[in-house]
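Shown below, as structure tokens, is a lone chain in the form predicted on its own; questions about how it binds or moves come after it.
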């Protein structure tokens, strides 16, 4: 038998339970991976909180929402291949892999298609490998959507979040200048990553103008607040140079680039797939860091979610089955 974390109803972290299930067997075009580390992301608790109940039917599969069952949670992981379907070649039992996208990664074992696998370099440890892809590909997609180029001055809202820390590093590596919003407790971290931090809250527009008197070329809204949207529209002007991963329908109405699994958003499947090998290369070369806020055993997934929902620690939380 194997273990998996499942929500037993819709609600908060208290609905999560550790359940015993049979060890999965791959279909002809699948592999089974023994999970060594799984990344924890805000979308995980949104899936069972009820936040996606009203999501359009066409987006339900991508978001992991089913009309007749509670969602499986865990959208990224890393581990060791333990079984390979008879139709697959180029994948071997014992191979260490990063798996994304996937569903049900909060488990001892996960089933995935070959297209979700990327080889894990020996130099990358398990927690980092398990936490790289969701935030990394989202950050890369956001930068692409806002057409960020070398020499741009970019405003990143939510710079100390999981996606924000990736976006800051990728933008700096690209050759852009970055101003990032965050609580003051996380300003020093952002400085170390090459960004100029500013505190969010009343007066944000004036603080950003003071930090960037020459103007802002593009903005990434990674938190979905009205303050982030208003500031971006005021300082950038051109909605084509503003990208957002969260927030209400006003973002669509304003004509900015909305990405992700929400109605009217760009899924960016090809952009995200192309970003995977680039993220690994940057990681191995030391041009990108995955900042780990904490690790938890699988049976403490609910506590990891409580910490994540609290939103105080910068970086990624990791489950270690």
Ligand SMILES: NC(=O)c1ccc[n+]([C@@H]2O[C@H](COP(=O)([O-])OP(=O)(O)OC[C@H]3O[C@@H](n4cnc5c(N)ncnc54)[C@H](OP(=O)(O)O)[C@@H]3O)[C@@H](O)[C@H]2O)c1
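These numbers were taken from a predicted model, which means no experiment stands behind them. Positions refer to the first chain, counted from 1.
Separately, the form predicted in complex with the ligand exists; it is not shown, and the next lines address it.
- Under a 4.5 angstroms non-hydrogen atom cutoff, the ligand in the predicted complex lacks residue 231 among its neighbouring residues.
- Contact check for residue 200: a non-hydrogen atom falls within 4.5 Å of the ligand in the predicted complex.
- Mapping the unseen interface onto this chain, residue 284 falls outside it, with no heavy atom inside 4.5 Å of the ligand in the predicted complex.
- Within 4.5 Å of any heavy atom of the ligand in the predicted complex lies no heavy atom of residue 79.
- The stretch that touches the ligand in the predicted complex, counting heavy atoms within 4.5 Å, is 156-164, out of 207-215, 107-115, 156-164, 120-128.
- Comment: the ligand is not present in this chain, but in the predicted complex one of 257, 46, 36, 276 has a heavy atom within 4.5 Å of it, namely 46.
- Residue in contact with the ligand in the predicted complex (any heavy atom within 4.5 Å), chosen from 148, 98, 73, 182: 182.
- Taken together, the three residues 144, 175 and 251 all stay farther than 4.5 Å from the ligand in the predicted complex, as judged by their closest heavy atom.
- Using a 4.5 Å cut-off on any heavy atom, the residues of 229-259 that reach the ligand in the predicted complex are, in sequence order, 245, 246, 259.
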